[in-house]
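Given next, in C-alpha cells, is a single chain: the form predicted alone.
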Amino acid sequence: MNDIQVAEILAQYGLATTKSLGQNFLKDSAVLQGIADAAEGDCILEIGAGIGSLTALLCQKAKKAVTIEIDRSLEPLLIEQVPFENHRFLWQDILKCDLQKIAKEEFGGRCTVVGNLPYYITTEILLLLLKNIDCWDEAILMVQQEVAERLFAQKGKEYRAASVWVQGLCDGAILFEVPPHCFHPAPRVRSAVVRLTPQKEHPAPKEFIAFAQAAFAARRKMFASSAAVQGLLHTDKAGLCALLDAANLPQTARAESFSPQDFIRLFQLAQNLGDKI
C-alpha cells in the first residue's frame, strides 16, 4: 500500500498541522487499514479525524460513524474527503463532550470508540472513556508506546494509577506498534495501538478511579498512612489497617505493591464496610 500524501493534501486546502492540538496525522495506509480492521461493531465513534483517511475506512464498514473533531479549519477538506451518508461530524472538544448523550442520540446506546489520541491529552481522554464505560463496547486507540506499556504494567517502575484504572475496568492488549515515520509530521516517540474492552463486571468507574488516584498520590508511602486515601474514605490509619486486614494484605504495604485485583478487593471492602467514596 502507498502512503497517504498528507502534506500535499493539506497544502491543497492551504492547511498545515497544528502543534498546539497535538496533530500527527497517520499516513501509512497499512496502519490505517489495521486500525479499521481491528474496530468491530456497526456503530463507531471516532475521536479526531486527521485528514479523514481512517474516517473513510470506518464508514465503509460501519452502519453509522460519527467523528468528534475540534479543528474546524479542517472542515472544507474533511467534507470532501468523507462524502458518506452514514457519517457525520461533531465539531467539538472531546474533553467537553457528553459521551452518554452522544452515544444515546447518535447510536441509540453503545458504540465502538476509535481514535489516534493526541499525546498531550491521552490521560484525560482515557479518564473520560473509563468514567463513561457503560456507553461503549470496545475502544481501539493509538497512544504513545510508553503509555501503552504503562496501561498493562503488572507492578514495577511503569506501574501507575492508570495501570489500575485500565486493568481494573477493562480487558485489553497492545495490538501492534507504530514507528514515527508512519505519521506526518513524524513524532519523536513510537506509538502503539491498543484494544480495551469493558469487563462484564467491574467496580463503579468514577469511584474506583478516585480510589486508585488517591492511593497513588504517594505511591511509595504506606497505604495505611496515606492522607489522600484516609480523606477519601473518611477514616484514619487504624481504619485503613483494618481494611488491609480484611483484604489479607500487609498493613505495611505500599500502593505500588498492590495488583489491580488487590485494588478491586480493597475498593469493594471499603464500600461494604460503609466507607463512602
Ligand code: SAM
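The first residue of the sequence shown is number 1, and the count goes up from there. As the structure is a prediction and not an experimental result, all values here were calculated from the model.
Just so you know, the form predicted in complex with the named molecule exists too; it's not on screen, but the next bit is about it.
With the partner left out of view, is Glu138 within 4.5 angstroms of the named molecule in the predicted bound form by any non-hydrogen atom? No, Glu138 is distant from the partner.
May I ask you to check whether Tyr120 falls inside a 4.5 Å heavy atom distance of the named molecule in the predicted bound form? Yes, Tyr120 sits close enough to the named molecule in the predicted bound form that at least one of its heavy atoms falls within 4.5 Å.
Whether Ala215 contacts the named molecule in the predicted bound form should be assessed with a 4.5 Å heavy atom distance threshold; does it? Close contact is absent here: in the predicted bound form, Ala215 is far from the named molecule, nothing within 4.5 Å, heavy atoms only.
Could you tell me if Leu21 has a non-hydrogen atom within 4.5 Å of the named molecule in the predicted bound form? Close contact exists here: in the predicted bound form, Leu21 approaches the named molecule to within 4.5 Å, heavy atoms only.
Candidate site Ala153, Gly172 and Val194: all three near the named molecule in the predicted bound form by heavy atom within 4.5 Å: Verified in the predicted bound form; spot residues all out of contact, no.
Of Ile133, Leu127, Ile94, Val82, the one that lies within 4.5 Å of the named molecule in the predicted bound form (heavy atoms): Comparing distances to the named molecule in the predicted bound form, the residue within 4.5 Å is Ile94.
So which of Leu233, Cys59, Ala49, Ala224 gets a non-hydrogen atom within 4.5 Å of the named molecule in the predicted bound form? None of the other options qualify; the answer is Ala49.
Candidate stretches 204 to 212, 247 to 255, 225 to 233, 22 to 30, one within 4.5 Å of the named molecule in the predicted bound form by heavy atom: After filtering at 4.5 Å, what remains is 22 to 30.
Along 57 to 77, which positions have a non-hydrogen atom within 4.5 Å of the named molecule in the predicted bound form? Heavy-atom contacts to the named molecule in the predicted bound form: Ile68, Glu69, Ile70, Asp71, Leu74.
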